[in-house]
Structure formats: C-alpha cells, structure tokens
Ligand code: HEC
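There is one chain below, alone, in structure tokens, taken in the form predicted alone.
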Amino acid sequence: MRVGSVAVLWVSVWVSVLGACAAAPGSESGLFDWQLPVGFEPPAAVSDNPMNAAKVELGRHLFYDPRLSRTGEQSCGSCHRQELAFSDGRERALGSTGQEHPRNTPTLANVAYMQTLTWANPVLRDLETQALVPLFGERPVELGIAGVVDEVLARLANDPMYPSLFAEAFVELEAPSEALSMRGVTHALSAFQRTLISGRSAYDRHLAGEAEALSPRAQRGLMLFESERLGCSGCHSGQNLSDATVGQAARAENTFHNTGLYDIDGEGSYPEASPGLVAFTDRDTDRGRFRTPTLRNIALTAPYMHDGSIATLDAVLDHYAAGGRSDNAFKSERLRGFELSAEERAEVLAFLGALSDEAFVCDAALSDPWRPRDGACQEDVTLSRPQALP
C-alpha cells in the first residue's frame, strides 16, 4: 500500500472516531466580522462549524498552547511563527519528539483560500480534517497526541479559563458544556486559521490604486514576473499568487507541479520520504509533483521548495532560470529557463519583497496570547504562558 493510501485511511478513521469531519463549504459566511483587506471575500462558511469571535479567540489560545502536544512543550505556533508569516524558518519541520519531517513547513497565510492544504495531498481540503494530521500523525510525529487524548483534554479542562471559553465558543451546540473535546479543539483551531488573512502588502496597496505603494524597481519586477519570458505568473497567479487557490482551477490535481529538483534514478524519482503526488495516485507521471505555494510574504518564509532545499530567493531565481536542477522526465513543461540581467534580477527580487505584509505579521489579533509581544511588534498582551510539563 502506498504512503498516501495509508494516510488517507488513517485520516478517515480519525474523522469517524472524533466526528470532526466538516460539512461541505456553503455560500454564506455567517455573521462574523471578518475585517477583510480590500478586494477579499469572506472564506466560505462551513455548516457544522459556524464562525464567531469567541471560537476564534479560543482557537488562538489553543494554537499557541504547548499543552496540546504529547510532551507539553510544542504548540501549533512552534512551527507556524507569526513573525515568519506562520512558517518556521527551518529546512524541514521538527516534531514535538524531535523527529524531523520530510517537508518544509508551509505558510498559513490565506490558508482558508487554498484548494488543498498540504504539499502533496489532494484529499485534505478542509481545515477541520487537516487539523487531525499534526495532532495525531505518527509518521512523522508532529504534536503526537495519539494515545494520550484523555490526558491532553484533562490538561485543558484543569485550566479554569478553558471550560468557559469552550462553552462560549460553541453556543450553537445543544450542550455547550460538552464542547471541550477533540472535535471542539479541531473546530476552534480551524476557525482561528481562517482568520490568518494576508492582503495589505505594498503589492495589494498598488492593486488598490495607491500609486506610490510599489517602487519603480518593484513595478518593473512585477512586469517581468508577469512576462511570457519568465512565466512566473503561469503558476503564481490570482489573489493568492498560487494556482492552488479555491475556484482557480477545475481540478485540484492540476495545481501540483514537478519543478525539476531531483531525478535520483534517472527515471524521475524523488527521495523516498517525499515522492510527491505519486504517493496518492500511484501514477509515474505524478513523481515529484507538489502544490504551488503562495508567494505572499515570500521574503519571510525561507528556505524554499517542498523540502527547504533552496536557501534564498536569489537561489530560487537561479533554479528557475536554469529550468530546474535535473532533467527529470516528468518536469513541468513550464520550466523552460530564462536569462536575467543583474538589474532585472534586482527588479524581480524587489517585487517579491513587496509581497510582505507587515500588518499581518504584527497583527495582535493573530499573536500568541500567552506572552508579551517582542521585536518590532509591541502590542501589550498580559496573559501568562502555560508552563511546559515536567
């Protein structure tokens, strides 16, 4: 059985056990005040997980709470750091037990608008189901709570704050007091993640008509980015600068591409630990195909590619200018290679830098509620952080 088949079966079992499978998205966004950037529509509503402010705030506390891991030392926010646009700055993610993940931690910016939610899984398309993977996954271990669910829930229940937060967040339930459950945890985490919306960069302000938002160099970089010669916008397009955005492609599998990173055996193979979409489809042509990531906040989310194997944006440009670093038979036909002068390279990099959203990475509503802000963001937060378990 392929790795992907095991993963699909495993997720299906946990969805059944926990009753956490979200209903299909609906057309209504509910009464939640989204406070969206210009040009953004509310994320699609999920019928069995309506949005409300209390649920989002509960999700924020859970997202940053290390008690939601086997060891009591790692939270969702450990791998998704706000100052790095909810990525982690590592080549590959590190789980709560110290196990290294085979893939790079993707940004969560605008995750509510993504058609699929991981690097190479076309099946996971809703946040409620996706939350089960870092919580319960064992190959690799991330938060690692499989087998200790009762202990984890007891940690939360023993905090005087959480029972009332859960009850307030899930007022739609007949018995809100029963919301302190794994279903409640996954639904609250998902509600918070839907608010991780980035759309106030210099690029966005430029699109909204602010003439001086983009420097002349960045504007020239944008023209190069959209040019047929470079072809960047062939995959990085639309509001999320990714062809994997909801509604942007008819089939999710069309949003996975082989970018010529590896050809281990001369027959198109990628490293066994992370072979790409082929793990789910069993089709040779899907070897090395991974989801197109968003370019929003790209200057903050190094290193790059699905395995973090390219350290800088400058090196990423080298990779695509060369048409990839292998002659993989399944490499996307869009990787034709190109030439850039030194000035053109600087222009493209200036445009990519203009995709950073300072308001997003400094938004107190998205920050860790358990500790004061530091660095460039100085909003006052007074709650105390939960201690790691002994």
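Nothing here was measured: the structure is a model prediction, and the numbers come from that model. So that there is no doubt, residue numbering starts at 1 and follows the sequence shown.
Not pictured, yet referred to below: the form predicted in complex with the ligand.
In the predicted bound form, the ligand sits beyond 4.5 Å of every heavy atom of residue 287.
In the predicted bound form, residue 360 stays away from the ligand, with no heavy atom inside 4.5 Å. Among residues of the shown chain, residue 291 is one whose heavy atoms approach the ligand to within 4.5 Å in the predicted bound form. Proximity of residue 239 to the ligand in the predicted bound form falls outside the 4.5 Å heavy atom cutoff. For the options 235, 167, 300, 218, the one in contact with the ligand in the predicted bound form, meaning a heavy atom within 4.5 Å, is 235.
Note on contacts: among 84, 153, 279, 94, the single residue with a heavy atom within 4.5 Å of the ligand in the predicted bound form is 94. Proximity of 107, 118 and 231 to the ligand in the predicted bound form is complete: all three residues have a non-hydrogen atom within 4.5 angstroms. Contact annotation: the ligand lies within 4.5 Å of heavy atoms from the stretch 73 to 81 in the predicted bound form, the single such stretch among 170 to 178, 155 to 163, 73 to 81, 206 to 214. In the predicted bound form, the ligand lies within 4.5 angstroms of at least one heavy atom of each of the following residues of 107 to 146: 107, 108, 111, 116, 117, 118, 119, 127, 130, 131, 134, 135, 142, 143, in sequence order.
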